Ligand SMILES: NC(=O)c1ccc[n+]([C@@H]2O[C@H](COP(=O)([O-])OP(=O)(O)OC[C@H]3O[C@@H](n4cnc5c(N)ncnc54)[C@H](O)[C@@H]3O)[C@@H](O)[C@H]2O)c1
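Listed next as structure tokens is one chain, alone, in the form predicted alone.
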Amino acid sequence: MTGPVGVGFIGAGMISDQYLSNLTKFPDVEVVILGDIVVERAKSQAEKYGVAEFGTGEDVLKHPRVQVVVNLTLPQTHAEISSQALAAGKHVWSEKPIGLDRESTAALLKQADDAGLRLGIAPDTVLGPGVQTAKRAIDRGLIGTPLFATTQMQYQGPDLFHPNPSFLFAKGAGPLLDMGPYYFTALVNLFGSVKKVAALGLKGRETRTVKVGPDVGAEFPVEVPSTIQVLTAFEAGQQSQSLLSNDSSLFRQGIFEVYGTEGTLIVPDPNMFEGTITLIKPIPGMDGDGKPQEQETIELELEGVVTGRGLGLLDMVRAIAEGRDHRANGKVGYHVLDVMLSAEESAAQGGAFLDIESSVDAIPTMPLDFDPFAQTL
């Protein structure tokens, strides 16, 4: 692969801004066309970001200069659109989740392998300096042996701000499949493959109403648990507990704490590329009055260049040129989906522990000299 690598988008909705603001600045890639089911939306984004061409998804698939398709469609069509792009001979970068069931997504992995094409899956936030600095700290033994983790994401839900929130409460979404990929992908990056999972879930309400936009007051059903609590056991021996809720009046998002034998690491929000990383050391003992001595707290310096969405795609195209695996790959996306679907199935069964059949190889850290703004291809 020699650059700049041609990129085409299928889907020009809200999240496309985050991708386009970065991919139009990386020298190793060139966004050549935007496609959307609403062509006017693709046109508007193309004009905003200086992209020369726009059209439909079919126009993107047929474009001779497109080598990588960015799939930003709804979760219900992720696997279908990714499969179409692979069939057209294009590498794929897809928003999370990779798909909504094991069968179609396993077939997608096989299709990519058979065609010799790459499949990249969001989130790539875990490749940013926030999680990556934490990963290096854990690998260096800064907290000793990692034992367990706690993650939390709780608030009133996306109907608070989204003008069309019904799909976020439909099958294939909910807080588990919508926000869970950030937390579970980060956990897999830090601890490796998940061995088993158990969960409990509930619906705060059977129906919700649209709160903003032209359809204010419209009622829609809640099809999946709007709150779910997940226990996870990893192959390497660590454990984690995760709360994901769209039913909480108390906003508590981005909580990610890793506890080890020699300290605790407060990791940045895995939905972000940066943030504050804090190391908390054990108290050394008690003072002469029988009170705990002062606990040492150290803020770690972020390592690496801060960018945003599109970093995983850039790692993928450079990996193709270098003949290595890319980090946010289809196998990781499938494993995280397998974990989340198993959690959903466990919750439906009342909390039974379920074995996870899929696994992933250890995911290497991003090199410190990885510069998104350098021209390498």
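Bear in mind that the values here come from a model prediction, so they are computed numbers and not experimental data. We number the residues from 1 along the sequence you see.
Just so you know, the form predicted together with the ligand exists too; it's not on screen, but the next bit is about it.
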| query | finding |
| --- | --- |
| Interface residue in the model of the complex among T73, T264, Q156, T227, criterion: non-hydrogen atom within 4.5 angstroms of the ligand | T73 |
| The ligand: the contacting residue among F220, Y259, F234, F167 in the model of the complex [heavy atom, 4.5 Å] | F167 |
| Region of this chain that lies against the ligand in the model of the complex, out of 196 to 204, 134 to 142, 294 to 302, 88 to 96 [heavy atom, 4.5 Å] | 88 to 96 |
| Triple contact flag G13, I37 and H162 to the ligand in the model of the complex, non-hydrogen atom at 4.5 angstroms | yes |
| Partner contact for R327 in the model of the complex: the ligand, 4.5 angstroms, heavy atom | no |
| Close approach of H335 to the ligand in the model of the complex, 4.5 Å, heavy atom | no |
| Contact label in the model of the complex: D124 to the ligand, heavy atom within 4.5 Å | no |
| 4.5 angstroms heavy atom contact with the ligand in the model of the complex for F191 | no |
| Members of 166 to 184 lying within 4.5 angstroms of the ligand, judged by heavy atom, in the model of the complex | F167, D178, Y182 |
